[in-house]
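As a starting point, one isolated chain is supplied in structure tokens, in the form predicted on its own.
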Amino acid sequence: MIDPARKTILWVIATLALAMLPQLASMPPALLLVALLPLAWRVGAEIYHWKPLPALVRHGATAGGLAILYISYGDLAGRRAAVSLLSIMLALKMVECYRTRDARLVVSFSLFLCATQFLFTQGIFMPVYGGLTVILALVTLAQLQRSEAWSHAGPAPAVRASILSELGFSTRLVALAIPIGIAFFILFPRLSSPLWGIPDTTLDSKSGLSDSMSPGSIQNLFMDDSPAFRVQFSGNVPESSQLYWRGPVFWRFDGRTWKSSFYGRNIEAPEVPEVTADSWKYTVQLEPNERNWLFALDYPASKPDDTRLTMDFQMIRDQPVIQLTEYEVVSNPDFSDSPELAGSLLPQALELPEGSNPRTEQMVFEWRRQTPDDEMFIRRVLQHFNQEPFHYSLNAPYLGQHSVDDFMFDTRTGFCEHYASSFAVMMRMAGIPSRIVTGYQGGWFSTLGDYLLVRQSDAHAWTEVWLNGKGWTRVDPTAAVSPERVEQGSLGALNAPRHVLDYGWLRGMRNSVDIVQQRWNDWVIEYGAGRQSRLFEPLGLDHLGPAGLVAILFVVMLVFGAMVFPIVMRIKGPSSSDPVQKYWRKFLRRLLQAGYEARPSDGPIEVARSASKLLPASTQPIHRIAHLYSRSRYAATPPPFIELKQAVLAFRPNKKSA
């Protein structure tokens, strides 16, 4: 059994472990082991009374942890690496944490570690995580304070407080701070960007579309159900077959990987679509993805001020999306993109590596000789995908050097990028300009929240071909193999679940509760200077400056403080009264009932001497109780508390006793 005097360090370990929890979930396996081993060792040391580790071992563990950290991240410049460094150092600190000062330092830095997790996500569960960490830290600090207060007299005496009462007391303290926190959140003057904005630092790897496409790149996203963005339409929602959310556009193909071109990234659109009566107007709430592009339906007729519209109609920002970003777009689906293709772009749209995919090239040569018309040739290729035994599947086999040959003649199984890539290559072999567009297709419409939810699993790739007189035209070869992919969404296209918990009713439930996250984004994450101003419009205070907001905040704090102060004075701690003192007072009350009143300045010996004169029949129990109390208070080895308790409970001064 653990010595009660040593349980405090377990509270410290629990606080640090809770603060580290989100960071542990993102650590590489080797680094995760470095973070957990010191905590596990310290728990064992407290239970089995192990001796502290030698200094040489501690220094070696520190050096090894830093080396593994550097190998895992490559450098220490990123946010994730910096926070992992803090986590590792705090974990290693527990190995040598044998003083109250060190323990208090670990708890304080655990609160800081908790705050750093808001740099990575500000989801609705983060305040719960933060609140639990603060509550546990308050309990731990109270335990440390109690131990330090008794350090001069040996171990602190046992108290009546249970774990629930300790947690309950800290929870009440945090609850009292919540109204003031809300007042600060609403009234504190905002900058032009939301308060929750993340500084522009070295970026971490995020899930989402990449700046290149190769077999399996989009397929990997299919297992990720995290939200990519949400869309609210002003008016009718387009049909699912029209929901192609345009992202990166790729022109260059090296035989396996598609990449963007210089023109596609840097040349602005020569013509911007017009806004017509049939244009779609909508607002996109984009989750952080640490990429530079925004998503829109074809074709963007308007764009945010800090965004460029490129010649292939990508919307690209100068700065990556590192915080929740909301923007408005108008799209014109009837726009004709490049009816005449510029001469500088034609070679890029037809370029293929020499000597690649000879079997496909031979087949295309025969088909092209038989079908010289471009549109008829396109239909023939799509018909081939539809009638031959091609399969839409997550379990696509590995493709070799001639990836299109392997796919078209051998495996015939793949995801959207396999079909889009093969189709685009076949078009180029036939002399039809083509390019790859990646983005998202479809989404789930929330009737309750009146918005469209697009998840990472909705990632998609399709092809655009250039037709004389029509310009760039979207062709989705995946739809020829699996029409359900476009009609029912990405998850409706598969016959089997992706994993053991991939049930339709669970997905529906998850989509339905997303409205909570959407409202959190609207009311909390996106609460900036503009929304703060609009909040006070009904009161006619929308033109308040920072000084006015601070004045209102000050008044709110005064009013709330006046209301809460009486409540605070009534809050009792977690039953932290000294049980020895409690039963001594009980003894004094029984003496008072018998006619003896002790003075506040009297010690236990004076009380026993004076009470014995007044109650001679109770001399022996009076002196025994005084002796037990004195030893419990001042002796190096106090007697068992139960002896004092039983003696006081058995004391009856109004009865005849020897």
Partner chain sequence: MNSTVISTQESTGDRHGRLLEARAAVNAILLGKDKQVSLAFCCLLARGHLLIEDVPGVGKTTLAHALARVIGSDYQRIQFTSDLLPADILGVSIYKREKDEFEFHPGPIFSQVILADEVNRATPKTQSALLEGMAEGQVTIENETHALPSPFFVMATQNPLDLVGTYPLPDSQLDRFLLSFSLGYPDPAAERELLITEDRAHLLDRTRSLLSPDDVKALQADCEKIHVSENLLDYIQALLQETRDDRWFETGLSPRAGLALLRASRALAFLDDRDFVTPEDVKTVFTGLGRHRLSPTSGFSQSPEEQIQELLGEVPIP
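For the two forms, the rigid core is made up of the largest set of C-alpha atoms that agree within 1.5 Å on superposition. All of these numbers come straight from a predicted model, not from anything done at the bench. Positions refer to the first chain, counted from 1.
The next section is about a form of this same protein that is not shown, the form predicted together with its partner chain.
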{"property": "Single option in 21, 649, 10, 635 placed near its partner chain in the predicted bound form, where near means a heavy atom within 4.5 Å", "result": "635"}
{"property": "Answer range among 28-36, 65-73, 594-602, 50-58 for contact with its partner chain, defined in the predicted bound form as heavy atoms within 4.5 Å", "result": "594-602"}
{"property": "In the predicted bound form, residue 631 touching its partner chain (heavy atom, 4.5 Å)", "result": "yes"}
{"property": "Threshold 2 Å Cα movement between this form and the one not shown at residue 222, rigid core reference", "result": "no"}
{"property": "Large Cα shift (2 Å or above) at residue 525 between this form and the one not shown, core-fitted", "result": "no"}
{"property": "Core superposition between this form and the one not shown, C-alpha change of residue 475 at least 2 Å", "result": "no"}
